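Listed next as structure tokens is one chain, alone, in the form predicted alone.
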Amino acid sequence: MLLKSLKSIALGTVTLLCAAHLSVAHAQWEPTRTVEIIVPAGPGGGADQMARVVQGIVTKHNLMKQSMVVINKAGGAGGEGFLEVKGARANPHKLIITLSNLFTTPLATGIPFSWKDLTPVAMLALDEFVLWVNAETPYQSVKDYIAAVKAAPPGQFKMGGTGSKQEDQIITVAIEKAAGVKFTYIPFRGGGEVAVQLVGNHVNSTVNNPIEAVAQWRADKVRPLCVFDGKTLEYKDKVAGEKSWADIPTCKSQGLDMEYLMLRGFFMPAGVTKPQTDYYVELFKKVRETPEWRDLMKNGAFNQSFMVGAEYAKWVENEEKRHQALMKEAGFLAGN
């Protein structure tokens, strides 16, 4: 009887040890092959630049044993990228960096995709939007520019932006309604191309993110008129001549009563495990502690909001509802 009890205890101990070992192994998951970051936008834009900075930081500081690559999948307003990650269910070696086309693309195109087909990992920042004009033009304020647009035939002034029925065009429509003007909206594949088109005077204005036009601003090729935020930006280091990001007035203070910020966050495919998600949360926390990340935040004038878990998922859910309303108001919903 005693021998039988001892055997039972020993067997139970072995079982517990095995379970504990499996639990530890499960909790300490890490990538076993190259990790892909899918960018649902073209090269040179804000999402592409952020993804490549993350890749560079991970490589430089040896934050991950495996390599990391960035792949642009811009087709169908980013739908190509979203559908690829949706189809990679339970694959922990694929990430997607998202912008607001996470909401606008399925709403505008009707593709069979929702953010709920993905696993939220982390919001790394919120991105600002700025109204830019060519530096050779005489416009020094929103009032100057809108007066010129009003004086011209409707549609003569061209607004350049990334994609159709996405963030840039939503903001353009909002400007039209707020100011009583009409632009011809010209879509391009990415924010980098949009900035080049403005420098070349192929469009009259853009609503590019700061990171997408900062090089052209430093070179005195473009001029910021206002930022679409409720408050001025906090970055006071000089960027272009004597001007800093903090010197750009809000659009609201210039007569355009509107605000818009954009998600810069990461998702994984559906079906991944919590330890796999947790691995990347911890990775991104390490990325955010590096000087290279701080430089990106400062150079791109980012709002440094950071969210994970249920808080992040709730924020995304609310943003989907907000974009549903914005897209409906602009007449951009599929079938309209």
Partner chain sequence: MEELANLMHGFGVALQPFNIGVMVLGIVLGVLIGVLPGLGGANGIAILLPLTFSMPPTSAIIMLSCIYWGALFGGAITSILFNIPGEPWSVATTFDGHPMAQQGKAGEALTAAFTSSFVGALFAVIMITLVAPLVAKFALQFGPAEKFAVFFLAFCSFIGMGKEPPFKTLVSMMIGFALAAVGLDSVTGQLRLTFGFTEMLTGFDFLIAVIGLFGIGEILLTMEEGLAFKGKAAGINPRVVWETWKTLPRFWMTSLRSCIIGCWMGISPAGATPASFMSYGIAKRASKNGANFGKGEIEGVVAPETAAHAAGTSALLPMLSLGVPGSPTAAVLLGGLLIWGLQPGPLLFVEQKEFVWGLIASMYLGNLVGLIIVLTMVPFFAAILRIPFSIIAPIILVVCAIGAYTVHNSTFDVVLMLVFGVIGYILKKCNYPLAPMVLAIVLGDKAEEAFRQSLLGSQGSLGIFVSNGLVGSIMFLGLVALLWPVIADGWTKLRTRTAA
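Residue numbers count along the first chain shown, from 1. This one's a predicted model, so the numbers in the text were calculated from it and none came from an experiment. Rigid core: the largest C-alpha set superposing within 1.5 Å between the two forms.
One more form of this protein exists, namely the form predicted together with the partner chain; it is left out here, but the text below deals with it.
Undergrad: I'd like to know whether A246 contacts the partner chain in the predicted complex, with contact meaning heavy atoms within 4.5 angstroms.
TA: Although the partner chain is absent here, A246 would stay clear of it in the predicted complex, with no heavy atoms inside 4.5 Å.
Undergrad: Considering only heavy atoms, tell me if S114 and the partner chain come within 4.5 Å of each other in the predicted complex.
TA: Heavy-atom contact with the partner chain at 4.5 Å: absent for S114.
Undergrad: Would you classify Q216 as touching the partner chain in the predicted complex, given a 4.5 Å non-hydrogen atom cut-off?
TA: Yes.
Undergrad: Would A301 sit within 4.5 Å of the partner chain in the predicted complex, counting heavy atoms only?
TA: No, A301 stays farther than 4.5 Å from the partner chain in the predicted complex.
Undergrad: Is it the case in the predicted complex that Q49, R52 and G75 each bring at least one heavy atom within 4.5 Å of the partner chain?
TA: Looking in the predicted complex, the three residues Q49, R52 and G75 all sit within 4.5 Å of the partner chain (heavy atoms).
Undergrad: Among K177, K238, H202, K143, which has at least one heavy atom within 4.5 Å of the partner chain in the predicted complex?
TA: Looking at the other structure, the residue within range turns out to be H202.
Undergrad: Going by heavy atom distances of 4.5 angstroms or less, which of G155, G87, G255, G230 would be at the interface with the partner chain in the predicted complex?
TA: Exactly one residue meets the criterion: G155.
Undergrad: Choose from 268-276, 282-290, 306-314, 58-66 the stretch whose residues reach within 4.5 Å of the partner chain in the predicted complex, heavy atoms counted.
TA: Selected stretch: 58-66.
Undergrad: Has the Cα of T34 moved 2 Å or more between this form and the one not shown, judged after a core fit?
TA: Indeed, T34 is displaced by 2 Å or more.
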